[in-house]
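Below you'll find only one chain, the form predicted alone, shown as structure tokens.
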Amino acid sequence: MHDLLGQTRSIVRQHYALFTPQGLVRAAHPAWPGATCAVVIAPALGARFTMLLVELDADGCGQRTQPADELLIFVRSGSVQVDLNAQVVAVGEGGFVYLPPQQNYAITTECAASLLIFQRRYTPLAGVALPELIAGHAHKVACTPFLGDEAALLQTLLPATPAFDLAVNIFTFQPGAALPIVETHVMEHGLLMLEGQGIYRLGDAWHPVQAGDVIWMAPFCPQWFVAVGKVPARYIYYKDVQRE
């Protein structure tokens, strides 16, 4: 069905953006033959990183095109194989793999798969070696009450060490749970709603959000979230860390 009179919840502002899945446009991407990609956040928007939603066909594949970039790949559905030359890592639904810069890889699948990718140019830190490759699964990452709130659980997918200049976390909110303050900070975010729904304050406006929505938050954008409805709300998000 066509949007009535061009209505949409998608919105782009100077310091944030909200995109609904219904409005995303997919296209071919040189790093992902046999797949279609929606580039949902990119430097063209004002961001300092790129966020992609990739739909792999059964014969789809991915490959490195930017040696200086790092990637975190989160499998939303299906499964993929990551060929690292010396070994092959299988990553299923809910799994993730962090690929450091200069790490050669080839990604293939034997069935359709849906991926979320955070990609950015790595920022070296003097005297600190490059981060290591990491593969894991969200179900195996510990849940920590956020600031002591048992209804707001945080999972940290990557080590909080100086080698990593990005963090990717998963937040799960029980219905009615909320961030305790309106946050304002130097880090920027890229966020994908995985489950449930809620209200996100972005800047000076409040927006209803639900599973499938994408949000970009620029540095110093005031932000706050509350989960609403009858099921938990869950989202995965990126932020830059550990650098001046």
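All residue numbers are counted from 1 along the displayed sequence. Everything numeric in this text was worked out from a predicted model, so none of it was measured.
As for the form predicted together with a small molecule, it is not shown, yet the points below apply to it.
Engineer: So the small molecule isn't shown here. In the predicted bound form, which residue out of L192, L56, I41, M217 has a non-hydrogen atom within 4.5 Å of it?
Structural biologist: In short, M217.
Engineer: Using a 4.5 Å cut on heavy atoms, which of H207, H185, R48, R64 is close to the small molecule in the predicted bound form?
Structural biologist: By the 4.5 Å heavy-atom cutoff, the listed residue in contact is H185.
Engineer: Which of 65 to 73, 26 to 34, 177 to 185, 48 to 56 has heavy atoms within 4.5 Å of the small molecule in the predicted bound form?
Structural biologist: The contacting stretch here is 177 to 185.
Engineer: Even though the small molecule is not shown here, does it sit in the predicted bound form so that Y98, Y122 and F164 each have a heavy atom within 4.5 Å?
Structural biologist: Checking in the predicted bound form: none of Y98, Y122 and F164 is within 4.5 Å of the small molecule.
Engineer: In the predicted bound form, does Y235 have a heavy atom within 4.5 Å of the small molecule?
Structural biologist: Y235: yes, in contact with the small molecule in the predicted bound form.
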